[in-house]
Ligand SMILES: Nc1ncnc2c1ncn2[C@@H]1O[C@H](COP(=O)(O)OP(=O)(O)OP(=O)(O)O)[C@@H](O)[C@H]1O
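One chain is shown next in structure tokens, namely the form predicted alone.
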């Protein structure tokens, strides 16, 4: 049986309610990879940011931590990309093309409340779900890179 990734609650404080600055896509992916070390099954991560802000780039880092080697694209045209890892399933949902009502009728509960980790871009489409226990990552372009705010809601 595959050894599970270690999870240390102390590590959460590295990211909980912190702001980070990255200057390149590589640094943004690296931050995503480091952040992935605190994720555990059933975690939900909301991503906010304008088109092209770096949400998918950060998610690429998360997935690389869990051993996904293929290039990860935005899931905009597929809505959901599923990744099987030795740790747990990971679901990348991109709700850009939906409105609030469509998201509610999609039947995505198994992704949100199953045993995997859910990474959700354009999470504002999920207002009706009222998900309180989550991570929220806000990514903004700034003059010399990206400003990435990470918050933990319980």
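If you're wondering where the values come from, they're calculated on a predicted model, not measured in any experiment. Residue numbers count along the first chain shown, from 1.
There is another form of this protein, the form predicted together with the named molecule, and it is not shown here; the text below is about that form.
The stretch that touches the named molecule in the predicted complex, counting heavy atoms within 4.5 Å, is 56-64, out of 31-39, 56-64, 112-120, 82-90. In the predicted complex, residue 13 stays away from the named molecule, with no heavy atom inside 4.5 Å. Proximity of residue 24 to the named molecule in the predicted complex falls within the 4.5 Å heavy atom cutoff.
In the predicted complex, the named molecule sits beyond 4.5 Å of every heavy atom of residue 134. Residues are counted as partner-facing when one of their heavy atoms sits within 4.5 Å of the named molecule in the predicted complex; in 26-51 these are 28, 50, 51, in sequence order.
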